[in-house]
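Before any questions on how it binds or moves, here is one chain, the form predicted on its own, in C-alpha cells.
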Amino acid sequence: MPEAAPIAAAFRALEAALPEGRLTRAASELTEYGKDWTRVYEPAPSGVVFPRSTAEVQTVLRVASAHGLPVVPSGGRTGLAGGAVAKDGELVLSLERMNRIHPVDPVGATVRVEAGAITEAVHHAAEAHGLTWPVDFASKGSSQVGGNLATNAGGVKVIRYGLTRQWALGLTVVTAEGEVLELGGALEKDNTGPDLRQLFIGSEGTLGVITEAVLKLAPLPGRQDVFLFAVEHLAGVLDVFRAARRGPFTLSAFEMFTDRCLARVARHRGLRSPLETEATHYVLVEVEAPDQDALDAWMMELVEEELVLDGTRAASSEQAAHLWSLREGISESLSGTGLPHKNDIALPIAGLPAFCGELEALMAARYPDFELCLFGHIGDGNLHVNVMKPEDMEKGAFLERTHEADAALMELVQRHHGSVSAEHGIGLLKREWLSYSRSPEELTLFRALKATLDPKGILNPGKVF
C-alpha cells in the first residue's frame, strides 16, 4: 500500500491539474468502484478519478507516475478474475464518463468509440446501418468496450466471429508515463512491422490504458433460429455439435449447461425449460439458415438418430429470448442462490468428455459436499466450472477448500493441454496458475514487456504477473 504522504501530494496535484468534479474519495464511491464481480477481496482504493478525455487520462498517469501512485484502470467491472479490483490503496481510473460513440462509417464498416462506451450501446448504433460489432455476452448491458479489449473478451459468438481482438482496427493508448500512442487507425491493412495493438489487447491494463478504439463492424446476420435440446451426458453434447458442424446453416452459437444450472435458474428467476423431458445436459444452438425446410429436416434427423432426448425450436423472437435467458441467466442465478467459486477454462473440444469425467470423479472423491455446476461455450472449448458453497460452511473455510481444489483442477487442465483462463483473464485470482498454461520463457518475456512499458510498475500492480 502506498504511503500516506505521497498519496496526499498526488491528490493535491490531481485536483490542481484536472477540472472540478473529476476526483472523489467518498467512502461509498471507493467501495463501488474498487470491486468487480468476484467479491473475493475487500475494495480499498485511495480515490477514484473520472477523466472525460484521452488528454485527461494522460494528465492522471503523468501525475501518478511522478508520485509513484499505483493506478487500477476500471470499466464496467463485470470481470471475474479480480482484474479491476483495487484493494491496496490504488487510484481507480474509471473510464465510464468517456462513453462517446462517433458516427458509424457505413462504407468502411467501422465506428470510433471511447473506452467507456457500453457494449450494447455500440450494438444499437451499428444496427441502424445494418451492421453489428459481433462481440456479445450476457453482461453486454453494463460491460464497456475498453474492458472488452483489455481482457480480449470472448462470449457466446466466438464460434462464428472469434475473439474481441479480431474486431479492433485501431487503438488509442496512454502509457504508464503519460505518452499517447495512436495505433492502427481505421486501416484494414498496415503491414509496417509488429502489431503493437495486440500488446495491449488482453493485457488487462497492466501495460497501458486503452482510451479509444476504432471498431470493425460486420453485416447484421439474417434470421436467427434458436433451438434447445435435452441430451444425456457430455458425450451426447459433442454428438450434437458434430451434427451441427455438418448442418445446412451457419452456426452462430453452441452453448451447454447442466441440470444443476437449470435448477438454479428456476430457483432464482422462475424460468422453466419448455421441454417435457428432463436430462443431465442441455444444448442451446443458434443458427442462420436460408433454407427453413432443410433446417426442419436437420432437427428431425437428430430426433430420429436419437442424438437428443427432446428438443424445441423457437417460433418467435419472444420464445428465442426465453431460451437464451435459460443460458444467459446462469451466472446471475448462481450468485443469487448462493456463493459460487468460479473457474473459466478452455480445453480441446474433442477432449471435453474425458476431462469432465475426470473432473466429476475428482470432485466426488475429494469434495462430495460441493455442488458442481458446469456450463459454457462448448463450440469453442470454453467451460465454466462453478463450485457452490454449502449453506452450512463459512465463507473463509469455503475459499480455503476451493483454493485446494483449484490446484487439482489446474493440474488436470495442464494434463489435458488446456488453458487456465479461456476468456476472463488472469487478474488477481489466476496469477498462481499462469505457469500451468505459459512456459518459463514466455513469462520472462511478459515481465520484460512490463518493465519496458511500465518501468515504475504503477499500472494495475499485482495483476497477471
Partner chain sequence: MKILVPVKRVADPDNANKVKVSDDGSRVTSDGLEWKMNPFDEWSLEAALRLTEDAGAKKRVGEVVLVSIGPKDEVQTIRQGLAMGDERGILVEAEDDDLDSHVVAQVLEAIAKKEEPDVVFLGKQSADGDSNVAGTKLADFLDWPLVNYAMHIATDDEGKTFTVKRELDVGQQTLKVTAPCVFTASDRILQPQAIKNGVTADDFAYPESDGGRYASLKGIMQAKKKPVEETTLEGLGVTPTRVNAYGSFTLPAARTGSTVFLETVEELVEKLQTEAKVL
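Residue numbers count along the first chain shown, from 1. Since the structure is predicted, the reported quantities are computational estimates derived from the model, not experimental observations.
Quick note: we don't show the form predicted together with the partner chain, though the next part is all about it.
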| query | finding |
| --- | --- |
| Listed range touching the partner chain, judged in the predicted bound form by heavy atoms within 4.5 Å, from 274-282, 211-219, 360-368, 375-383 | 274-282 |
| Check all three, Val303, Gly311 and Ala315, heavy atom within 4.5 Å of the partner chain in the predicted bound form | yes |
| Heavy atom within 4.5 Å of the partner chain in the predicted bound form - residue from Arg62, His416, Arg401, Arg52 | Arg52 |
| In the predicted bound form, the residue from Met299, Val180, Ala354, Leu251 that sits within 4.5 Å of the partner chain by heavy atoms | Met299 |
| Contact of Asn99 with the partner chain in the predicted bound form (heavy atom, 4.5 Å) | yes |
| Partner contact for Gln319 in the predicted bound form: the partner chain, 4.5 angstroms, heavy atom | yes |
| Distance check, Leu323 to the partner chain in the predicted bound form, heavy atom within 4.5 Å | yes |
| Contact label in the predicted bound form: Arg223 to the partner chain, heavy atom within 4.5 Å | yes |
| Residues of 251-266 having any heavy atom within 4.5 Å of the partner chain in the predicted bound form, listed in sequence order | none |
